[in-house]
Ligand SMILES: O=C(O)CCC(=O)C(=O)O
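Only one chain is shown below, in structure tokens, and it's the form predicted on its own.
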């Protein structure tokens, strides 16, 4: 499959085919593990493929059809663009942020214990569960219900989606997770860095800006319409399995070019687009950057192309609310 050709306003309907054998992060010059390490890596990949298949089958079996009626004010825009900026009612926003404050404090304390510049992506997040944070979940669900967000998500997914996870996230200018793979190799940072689709199925999220977020403090961005990417069942499987494989054991990235061509797919593909690629230029031309001036909450389909948290100056605080 080749990169999509066409005008800057042509829909981006495929994830590009990238030559990983020639890529400096994965191909020539990246090194190759020995036979024993290669075998271990391939076995681990097969294990993750089996895990993703099993998880998907379990999710489909547990799926509860959505049969409710009622107002779905964000459904049309979500279907068309994959992203809906909106504003929560002031009282609802205050309730959510008040309930989230102790968890932000806990995350900030944990981050202070880690040397600046050495924080991993996970060091910027704190997950909460319904059992562990009942007041926070209650405030979030009230806000989503009153705004018609939860009903819109259920209609969009066609199932009785519920809030599964609420994550506090803090990023600042010293975070290097999105720059380090390039800086450590003396490579230029691509303009398309960190563009990705999530390696999950049937998930819609809401991001709530807990701080003021401008152009340099890591705003969320989305490529409208890419929620309709033409990703087949098998390609979707490889995208998810390969990302999990490399996320868990980054050294397995060196094996990516040795996989069969159909399996050389990554959900986090933005880092891999060559700087002169037409597909990357069109991606940047259609990117919609959403600061907190656009809305204090962003409803989006995680299957569309997006990125965020690339902070140049200051700090960004958000809540990520996952619904499935």
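Numbering follows the first chain given and starts at 1. Predicted, not measured: the structure shown is a model, and the values here were computed from it.
If you look for the form predicted together with the named molecule, you will not find it shown, but the lines that follow are about it.
Relative to the named molecule in the model of the complex, residues 42, 245 and 259 are all farther than 4.5 Å at every heavy atom. Although the partner is absent here, residue 205 sits close enough that one of its heavy atoms falls within 4.5 Å of the named molecule in the model of the complex.
Contact annotation for residue 20: none of its heavy atoms lies within 4.5 Å of the named molecule in the model of the complex. Residue contact with the named molecule in the model of the complex: residue 152 places no heavy atom within 4.5 Å of it. Residue 169 belongs to the set of residues with a heavy atom inside 4.5 Å of the named molecule in the model of the complex. Comment: the named molecule is not present in this chain, but in the model of the complex one of 130, 142, 196, 74 has a heavy atom within 4.5 Å of it, namely 196. Here the chain stands alone, but in the model of the complex its contact with the named molecule, taken as any heavy atom within 4.5 Å, falls in 197-205 among 249-257, 197-205, 107-115, 134-142. Residues of 304-320 lying near the named molecule in the model of the complex, listed in sequence order, are 306, 307, 308, 309, 316, 318, 320, the criterion being any heavy atom within 4.5 Å.
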